[in-house]
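In C-alpha cells, one chain follows: the form predicted alone.
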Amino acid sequence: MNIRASLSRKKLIGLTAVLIAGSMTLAEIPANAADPGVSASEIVLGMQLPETGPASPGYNKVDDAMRAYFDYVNSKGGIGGKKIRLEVKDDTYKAGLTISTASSLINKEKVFAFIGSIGTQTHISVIKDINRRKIPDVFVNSGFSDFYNPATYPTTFAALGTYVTEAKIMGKYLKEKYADKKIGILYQSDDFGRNSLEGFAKAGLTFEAKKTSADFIAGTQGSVGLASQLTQLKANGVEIVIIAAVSSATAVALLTASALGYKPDKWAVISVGSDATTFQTIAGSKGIPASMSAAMLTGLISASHAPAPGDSADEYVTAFKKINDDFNKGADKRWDNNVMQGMNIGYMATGALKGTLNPKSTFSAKNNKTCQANAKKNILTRVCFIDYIESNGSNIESAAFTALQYSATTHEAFSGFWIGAYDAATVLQPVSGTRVVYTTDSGNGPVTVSSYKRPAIAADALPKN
C-alpha cells in the first residue's frame, strides 16, 4: 500500500509538473500571439461617435468614410492577408452612453483597438479604462491636449492638432490682422472650449466673461438657440466672433445671428466646427436656399491641418474622392471635411498596421526583437502596434501638411495649420492667396512657418510603410 501510495504520489507529482510546465508555456504565448480582435483572416477595430443627436450632423459621416477606405484596402488583399472590420457604436455625444458602448466594443465585439472616436467630453468617460486595459486608442478625433501625454495615457494617440495649437496659430493671425477690432468668443463650456481659450491666451487674446466671452453647455445649442449669447456679444460691440464648438453649434450661431440682425465683420471658427457641407445641410433643413447659406459662409475664417476638401488640385483629395465614390456605402457620402478626415484616418491606420507587420520596421529597444519576430510570423499584437506608432510617428503617412509628432514624450498629432477663408463656392482658400503652414506646440513655444514637405501619395493610394 505504501509502495503504491508512493508511486501514486510520484505519478501525481510528475503529472503536476507537466501541467505546470504546460501552463507556463501557455502563459508565455500571449507575448508571441495575436491579441483579441485579430485572427488569421481579420482585424476588428472599434469606433464611437454621435451618429444621432444634436452633435451628429457631419460627424456621423466620418465612420462611413473610414470604412470605405478599409474596404478599399480589403479589396487589395487587406493587411498581411487580414481584412479590416470596423465596428461602430452610436454614443449620441453623451458620456454615460459612451461608457456602455465602449464596454460592448471591448467585451462583445472584442476589438483589437479603438480608432477615430469622436468627442472630448465623451472620450474622457472611457479613456482611463481603455488605457488600464492596455487597448490601443488611436487617432482620436479630439484636439484636447490633456489626452496626449503618454505618461498619463500611454495607449492614446491624436488624429488632430490640439485645440491649444490651433488656437495659438489662429489667435496670432487674428490679433495681428484685426488689431483695431474688438474680438470676442462663443464657446462650449467643456474641455474643448477651455482648451481653445488656453491657446488664444497663449497668443495674447483674452476675453471678458459676460462681455466679449459667451459660453453654452455642449449639446444645448439646438434648444437654446444661442440667442442670449449672441445678443450679449452684439451689445458689447464684438466685431470679430470666434466660435469654439461643434459644427451644429456653428450653424445655430450663424443662423441665430442672422435672425438677430447681428453682422460681425468676421466669423472665425475652430476647424472641427467649420465644415461647409454640414452648415449648408442644417441651413437647408430650415428652408434656407443653398445660395443664401453659401453667402453666409463667404469670408468665414477657419484653419486646417490638411488640404481643403474642395482643393481639386491636391493629389490626396483626388485619390480619396475616388475611393469615396467607389466604396462609401453611407447614407450621405457627399465629399466634405468629415469624409476627408475619415479617409485620412483610415489611411494612417493602414500605414501603422502595415508597419507593425513589416519585419524591417524598427521598434523601441525593449520590444524590437519580439515585434520583428512577430512581424515575420504575421502576428499582430497590441504592444507592437502601440510601439510602432510611438516609435515611427513621423514616418506614418497622411494628407496633412505637417508630420505626426508621436514619440515617447508626446502622442499629439499635427503641429501645423494654415489659415483660410471660405469663398463664394464654399471652398476654404488661403487668406494670403498662397497656403502658408504655421507650426507651434501646446506649450509656450513660438509660432513659426513650417518647412515640412509632405510625401506624395502612391499611385494605388496605399501607404508605403
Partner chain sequence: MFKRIQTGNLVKTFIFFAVIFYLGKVFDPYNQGQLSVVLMYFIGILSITFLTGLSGQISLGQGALMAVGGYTCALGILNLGLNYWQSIIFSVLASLIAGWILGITAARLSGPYLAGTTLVIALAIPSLANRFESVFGGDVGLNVEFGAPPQWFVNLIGEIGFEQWQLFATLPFASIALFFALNLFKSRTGRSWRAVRDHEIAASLAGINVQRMKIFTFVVASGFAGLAGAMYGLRGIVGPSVYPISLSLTLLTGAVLGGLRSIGGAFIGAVLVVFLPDLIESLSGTWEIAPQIGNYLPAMVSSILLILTVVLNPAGIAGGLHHRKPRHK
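These numbers were taken from a predicted model, which means no experiment stands behind them. Positions refer to the first chain, counted from 1.
What comes next is about the form predicted in complex with its partner chain, which is not displayed.
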field: Contact stretch among 268 to 276, 105 to 113, 201 to 209, 384 to 392 - heavy atom within 4.5 Å of its partner chain in the predicted bound form
entry: 105 to 113
task: Although its partner chain is absent from this view, report whether G237 comes within 4.5 Å of it in the predicted bound form, heavy atoms only.
output: no
field: Touches its partner chain in the predicted bound form: I288 (any heavy atom, 4.5 Å)
entry: no
field: 4.5 Å heavy atom contact, T434 to its partner chain in the predicted bound form
entry: no
task: Check whether T409 has any heavy atom within 4.5 Å of a heavy atom of its partner chain in the predicted bound form, and answer yes or no.
output: no
message: Please identify the residue among K94, K182, K321, K177 with any heavy atom within 4.5 Å of its partner chain in the predicted bound form.
response: K94
task: Identify, from the list K89, R85, K354, K82, the residue with a heavy atom within 4.5 Å of its partner chain in the predicted bound form.
output: K89
E51, D129 and A331 each touching its partner chain in the predicted bound form (heavy atom, 4.5 Å): yes
field: Interface residues of 161 to 199 toward its partner chain, as seen in the predicted bound form [heavy atoms, 4.5 Å]
entry: S189, D190, D191, R194
